[in-house]
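We give structure tokens for two forms of one protein chain below, kept apart as structure 1 and structure 2.
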Structure 1
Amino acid sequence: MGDGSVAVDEVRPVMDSSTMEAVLWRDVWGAFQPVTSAGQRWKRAVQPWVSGQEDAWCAALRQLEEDAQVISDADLRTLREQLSRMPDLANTLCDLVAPAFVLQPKHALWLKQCAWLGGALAEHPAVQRMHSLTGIPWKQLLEMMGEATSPAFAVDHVGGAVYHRAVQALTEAVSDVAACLRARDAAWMETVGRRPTRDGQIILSLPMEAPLANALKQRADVRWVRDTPFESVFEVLSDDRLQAALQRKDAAQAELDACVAAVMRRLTDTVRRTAPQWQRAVDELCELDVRLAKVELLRRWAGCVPQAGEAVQMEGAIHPAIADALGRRGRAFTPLSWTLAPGVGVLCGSNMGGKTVAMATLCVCQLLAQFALPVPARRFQTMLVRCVRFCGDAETDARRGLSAFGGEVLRWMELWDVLQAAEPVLVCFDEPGKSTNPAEGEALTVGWVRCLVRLAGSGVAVMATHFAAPLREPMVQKFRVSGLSSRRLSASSKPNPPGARTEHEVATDDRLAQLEGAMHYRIESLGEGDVPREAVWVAEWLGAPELLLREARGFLERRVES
């Protein structure tokens, strides 16, 4: 199976914990759900494909595309429901390595259920169209359990003549004991007018039956147990005939137990000799489970199968975790389209404009593609990279006594090591330098852009920023999140001026909702010298003081002139 295995010691992890948290990877990864225990173990162990493994990666993508073409929604539901019943054989097959281990009937039942399930699935037309579960002797594995007409298992199925004679002997002994008990019960019924209880006791009510109780205390075939204010309790002793019958039953049971142990040892030896076939059967069922889980994810997301290319191109992409969160609030995720050639891209746009979400979506789509999983997009093309990193908001680390900027610099140092050690990479920076003073923050951002131009190589680096200087750097791709629509915003009712107190005053939450509704969230290419400005306009629309707006516009005009 194309499991994406890679000698991870040769490269740094494809993603680190900071990246996983920043892009909500665990939420996205959680949507991929194999239904068998083996499939879930595969999911926990699988590694993504990386640069240098393109042939195997492309083969895995082709398999996903072919599977999606031959499996209907009804087949998908049926097959996954059947696979969900597969027992977990991992411990049983592992224990077989120990010479002293002997299968118990429950282990044999699990093995037989696996063989029964595999045989049934192998005959399903959709599985045959997938060319899955081939080459496994399902019928032989099933017959190894002694009976091939049902998934049930009993020692009877593999017992043999000696075992069946032992069963017959025990049956006869049990019958003799039952006959003795019936004779005993009949005798006591005649003597005291009642049969002993299932525990072999006779219970007499006091004081009504005190004379009978006193008489029984004188008999040798019962043992007085106790008296209470309400009853007298006696234990009926076994006579010689019943005693002999019970001894024959115990001996027959011991003989049968020995036969069962011998039968299970023989079965264990047989299964142990064929352990590789059983392991291969489990592996193939696991592979089928994983392949079906990929198709299920593809359908659920209405996504696409990634394609190999020399640039990153996503069309109509969504971030599933963010889209789900928005859906719970009655809002929709705006699909993103973005083309990034190898090298450095600078992404600008207003706050609320979706820069962070765009980069997180890019990282999630890239990671899904490198696992040969469906991508939540109409189309996604990319190349394999050695690692994916997201450098997000810096926060103060109180435990280490670091300021927000100090923590950000340490994260930069980690990313610098990655850029030196692995190539190609996909790395995203979310507004670097914003945790220090603007002048130095802008200078450091420009420094990063220039370094990335040298270090990115055939990989992709994206820098989201509010600073204007990085957009003037040569040899970088320039983008903006298109942001506000003046037409949409004008169509909204403008908030009342500050201080107004009318019954129609717009609440702050309503203002922000209208503002959010006017956002485009589309990624556009920028021409040389384009520096988007929307903040003053938004402040005006929200009702900021006119004096503040005049001063801000004047400062911007003087800055442009200088």
Structure 2
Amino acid sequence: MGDGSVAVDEVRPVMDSSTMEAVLWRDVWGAFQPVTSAGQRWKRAVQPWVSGQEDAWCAALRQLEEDAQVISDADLRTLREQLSRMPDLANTLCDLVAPAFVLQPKHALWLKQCAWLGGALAEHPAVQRMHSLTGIPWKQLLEMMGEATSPAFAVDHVGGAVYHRAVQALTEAVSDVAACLRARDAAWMETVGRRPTRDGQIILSLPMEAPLANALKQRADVRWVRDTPFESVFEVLSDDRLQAALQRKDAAQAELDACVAAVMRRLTDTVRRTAPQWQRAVDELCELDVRLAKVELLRRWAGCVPQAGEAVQMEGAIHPAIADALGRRGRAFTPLSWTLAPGVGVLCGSNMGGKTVAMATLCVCQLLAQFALPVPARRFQTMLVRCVRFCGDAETDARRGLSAFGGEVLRWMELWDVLQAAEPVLVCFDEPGKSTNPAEGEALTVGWVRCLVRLAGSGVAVMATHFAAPLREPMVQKFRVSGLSSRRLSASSKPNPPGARTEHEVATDDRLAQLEGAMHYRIESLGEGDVPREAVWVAEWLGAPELLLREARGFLERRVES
């Protein structure tokens, strides 16, 4: 597993919070679901593999590949259902370190359930095919908790001779008391025709039984408690034999309580001596849980096991969180394919053409791969990087006195730091420079492209932009999203009449759906081309005012002429 062996770089983590938020990482990560408490803790603590750890990473990927081959869907369901019943032993094993700690029956039950479950799972053919849970003395651990035939725990199971003698003594003492009570009751029945209640009381109805009540008040073996207008109540006093039997019972109970405490102390010592074995058992069950959770994710996403390579190759990839959101609205995510060699890539294309989603999907697939998790793609090949960063929209922060552009520049500085210090990285810029004037925005974007060519090294930098100049830069890979199909768009219906948003019969939502239907989200390599010009068309389709559109088109025509 890619886990504790990887040091956490808190200064420059593999992903930062801005990236996590921009690519919807939490939603994606939530889909990975170990079922045991230990597995969930593992998930919270796990760090992704990073460059330099390729051997271990490839081994983890191979293991996922092999696990996926040997586990059927039915096995997966059965094993995960069984594992979900695994108790959480973390605190119990931790508490054992304290010399004064004594196991309580609850702890003993959990330990036994763990040994029982581990033993049963170890014998499952699928687990054996996975070569998991080997080398743990499950039987020995189970027998340590007594009665290896059931997962239940009782002090009886581990009591020993002294304990069982104490139980026997108590049982006999209780029998003696019962015999004394029966004899007492029989005597009362014989003498006064009335048996005492379970509380040892004789209750006589008044006035019918007043003579008997008066007679009882004279007797020494009964204590008059009270008279009410309706009843006379007496407490039957214990005779010497009953008194002695009760004392023997109390003494036997005390003796048994002491025995139980001694048995639990002895059991605690035994478990404490074997704590490393118990810890290993818990760790192995946790590892099995995590491996199964990975396979479950692979099946749920109909995904693939990532492969190691020199370039990033993504085929038929989806972003699970966005795909789910689209699915809820009755729409489908168009799977993405994209090949990026190390270096810089520039991505252009229509508004609403999916540039941001493509880059977010790329980041998500890369991050999943670095955790040696399945990727929601038909095929995904990549190399390990040191950091993954996404630089998206910056918002105005009035409290800090930052304009959107100010916020963007601050984010640039963070990324600059990362690019200087860590190598290789995967970094995605979503339309840099769009928050300032276009001339300077374009200049800054070109500046970034030139710097990235120098800084990207063996990593990958991708930039989505509407500016034309970056596409003319040398040594960059150029891509475009395919964009709108005029045939598909005109086939669906006519655009909204300009300025008719409030009165038009077709809802904007329907227009958006038609626009999505006409959009090709495919990513294509771009030769010597220019930036696609579809923004005015999209605006018209969505019902922008006619005057606005006319002015915009006029301006474009005059610029071309000049």
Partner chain sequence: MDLVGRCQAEGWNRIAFVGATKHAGKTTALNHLVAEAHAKGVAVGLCSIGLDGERLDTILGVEKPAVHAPEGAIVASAERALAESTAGLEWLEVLPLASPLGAVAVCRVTRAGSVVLAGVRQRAHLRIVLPRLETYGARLQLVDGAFDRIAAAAPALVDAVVLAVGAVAGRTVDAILRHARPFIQRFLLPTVPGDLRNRLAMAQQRQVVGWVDGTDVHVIEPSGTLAGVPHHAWTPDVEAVYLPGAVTDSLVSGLLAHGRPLTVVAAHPAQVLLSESSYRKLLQAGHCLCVWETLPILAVAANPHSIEGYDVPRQALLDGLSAWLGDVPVFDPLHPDGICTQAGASRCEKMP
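Heads up, when I say rigid core I mean the largest set of C-alphas that superpose within 1.5 Å between the two forms. Treat the numbers as computed from the prediction; the structure is a model and nothing was measured. Residue 1 is the first residue of structure 1, and the numbers go on in sequence order from there.
Of structures 1 and 2, which one represents the form predicted together with the partner chain? Pick structure 2 here.
Once the two forms are fit on the core, has D88 moved its CA by at least 2 Å between the two structures? No.
Is_shifted P105 between the two structures (CA, 2 Å cut-off, rigid core): Comparing the forms between the two structures, which are aligned on their rigid core, P105 does not shift its C-alpha by 2 Å or more.
Please determine whether the C-alpha atom of G316 is displaced by 2 Å or more between the two structures following superposition on the rigid core. No; that C-alpha moves by less than 2 Å between the two structures.
Once the rigid core is superposed, tell me how far the Cα of L216 moves between the two structures, in Å to one decimal. Its C-alpha shift, to one decimal, is 9.3 Å.
What Cα shift, in Å, does P196 show between the two structures once the core is superposed? Core-aligned C-alpha shift comes out at 6.9 Å.
For D176, tell me the Cα shift between the two structures once the rigid core is superposed, in Å to one decimal. Displacement of the C-alpha, rigid core superposed: 3.9 Å.
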